[in-house]
Every structure is written in structure tokens, then in C-alpha cells.
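Listed next as C-alpha cells is one chain, alone, in the form predicted alone.
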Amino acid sequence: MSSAPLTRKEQIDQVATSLFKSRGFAATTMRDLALELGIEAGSLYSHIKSKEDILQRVCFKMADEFNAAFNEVKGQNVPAGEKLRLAVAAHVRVLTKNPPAAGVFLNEWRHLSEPSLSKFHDMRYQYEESLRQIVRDGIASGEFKVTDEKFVVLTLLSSLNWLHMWYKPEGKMSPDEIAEFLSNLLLNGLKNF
């Protein structure tokens, strides 16, 4: 079953996302985007408001995908270790679904202007706070032997968020296998792995 053809706006977003990931948001011009699309630069503005408009759509679409995946995990009535394993798997699935968009989301959000930047920061804080709560629950139950949930979550996300740099859909591991491997490594450590 083939998917519906992309609208011009979706084509613009897809090509811009690829350019933003490879060149960076600041270094990508509207002329670059038009050239890649094979259209005149001026005609882009009949489809989009600005380059930042595209960045906002990419960043907030990814944020919504992360939150939707994580909301499914939050509702699970399982021990903290299993919940964190499910959260890692959900995070990996979102990252691997569209690596270029993940790269833009993780690296180019700094170019958002207000009020979008504050909204993005709030969404990111809430996501990270939900992960910290899982770790706090695991500490309280005695399941986790750590004392600093903020450090744990920063380490976890730092490990996971590089995935878009090396993940290849045709690679030897599927997203589920990567999630399983990383969750075991991050939750059990090297000695128990």
C-alpha cells in the first residue's frame, strides 16, 4: 500500500529538515531550499511564512511525538525499572522514525524565537521531569541505587539523543533491538550486562 503523495508544504518541510540537519538552520538559506525543490525562491512564500515557520513545525511535531509516546508509558502500572525501559524504547522509536527531524529537533531548536522558544523549553522540561519522576519512584521503592535523578536523566538522554547521528534504517539492528540493547546497558550497567 503506497502512501498519499506529499503536499507542497510537506515537501518543503521534508527538504528543509534534511538541509537543516546537514547544514544547520542558520546556514540554510531560502535560496538553498528553493534550489533543492527546483522552484523559484519567491514562490516558497506562497507555501510558508518563513524559514523559522518550518523550524517551528519540525520541532513541535517532534515534541508532540515524544510526548505522545511517553504518555503511553506513563499510564503503565509497572515497576520503575520496567517503566524506564519502556520510556527508553519509546524515545528510541521516535528518534529512529525520522532521524533528520530528530537531528533538527535536538540541535536546531536554539534558533526558535519567542514565544516559541519558551514553549519549547517548557515542553522539554515537562518531558525530562516525567523521566526524573520515574527515577525518583525507583529510588523510593529501592529498585534504583542512585541518589541524583537529574544526573541519571541527563546521562540517559545524552546517550539516547546521539542516536540520530549514527542510526541507519538499513543497519544491522532494528529500533526495537537498539532500544533493548540501550535499556539493558543503561539500566544494568556494564558489569551486569
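The shown structure was predicted, so the numbers you read here are calculated from the model rather than taken from an experiment. Sequential numbering from 1, following the sequence displayed.
There is another form of the same protein, the form predicted in complex with the DNA; it is not shown, and what comes next is about it.
### Message
So if I measure heavy atom distances to the DNA in the predicted bound form, which of the stretches 130-138, 39-47, 150-158, 62-70 falls within 4.5 Å?
### Response
Stretch 39-47 is the one.
### Message
When the contact criterion is heavy atoms within 4.5 Å, does Lys51 count as touching the DNA in the predicted bound form?
### Response
Yes, Lys51 sits close enough to the DNA in the predicted bound form that at least one of its heavy atoms falls within 4.5 Å.
### the DNA contact in the predicted bound form: Thr29, any heavy atom under 4.5 Å
Yes, Thr29 lies within 4.5 Å of the DNA in the predicted bound form.
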